[in-house]
Ligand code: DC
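Only one chain is included here, represented as structure tokens and corresponding to the form predicted alone.
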Amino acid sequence: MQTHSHFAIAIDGPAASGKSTIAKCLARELGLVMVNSGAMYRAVTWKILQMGIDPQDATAIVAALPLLQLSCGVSGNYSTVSLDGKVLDEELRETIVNQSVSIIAAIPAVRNMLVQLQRDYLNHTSLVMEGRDIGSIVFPDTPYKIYVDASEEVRAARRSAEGVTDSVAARDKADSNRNNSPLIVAEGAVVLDNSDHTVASAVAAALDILRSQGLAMHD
């Protein structure tokens, strides 16, 4: 999956582990584009709900996929996701989206569609991509893989502080037990326990891991 001169850094981990923050900081530090794969799944989920489709109705969801005018882009150093020409932001964090995204993300046709869009980014730029199957499925050949974890208690507290009420335990179970692209520690990934790190120390630890994996960095 590594093409041309571009490379991918895969940052995986469960909900509220801090992987998005670490990925953003790494992208800024290394001058790369940060791609939030979860935003793509949230965008599809939001649109399915807007269409009045039951998130449990996989058949209806698969039938609706060709109708979605979904496009992915870049603004500055960050990925964007648009539906019907509108860039989505706050909509992706709605409570009902939080409650439904794991269900819809488990549908193979949804994952197949979005994994291809995620891989397409590498045709244009080197990147840091965060998600749940980046190192295992999207870019299994990249040598740069980090699995960011944290204790369930710490992650639950972070979600609460963000005003999100979904259960990290339930989300973990759904993401880890799905048949298609489950959340796992990818082969070759180094686990970074982010339970007690500050943002700065977590990013420093991640940079050390990437150096150990052979990523050349300019001082």
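The first residue of the shown sequence is 1; numbering continues from there. Note that the structure is a prediction, hence the values are computed from the model and not measured.
Missing here is the form predicted in complex with the named molecule; even so, the following discussion is about that form.
Undergrad: Can you check whether S102 is within 4.5 Å of the named molecule in the predicted complex, heavy atom basis?
TA: Taking the distances in the predicted complex, the answer for S102 is yes, it comes within 4.5 Å of the named molecule.
Undergrad: Might I134 be said to contact the named molecule in the predicted complex, defining contact as any heavy atom within 4.5 Å?
TA: Taking the distances in the predicted complex, the answer for I134 is yes, it comes within 4.5 Å of the named molecule.
Undergrad: Given that the partner is absent here, does R93 sit within 4.5 Å of the named molecule in the predicted complex, heavy atoms only?
TA: Yes, contact at 4.5 Å.
Undergrad: Considering only heavy atoms, tell me if R155 and the named molecule come within 4.5 Å of each other in the predicted complex.
TA: No, R155 is distant from the partner.
Undergrad: Among the candidate stretches 69 to 77, 103 to 111, 83 to 91, 143 to 151, which one is within 4.5 Å of the named molecule in the predicted complex when only heavy atoms are counted?
TA: After filtering at 4.5 Å, what remains is 103 to 111.
Undergrad: At a 4.5 angstroms cut-off on non-hydrogen atoms, which residues of 31 to 67 are near the named molecule in the predicted complex? List them in order.
TA: In sequence order, S37, G38, Y41, R42 come within 4.5 Å of the partner.
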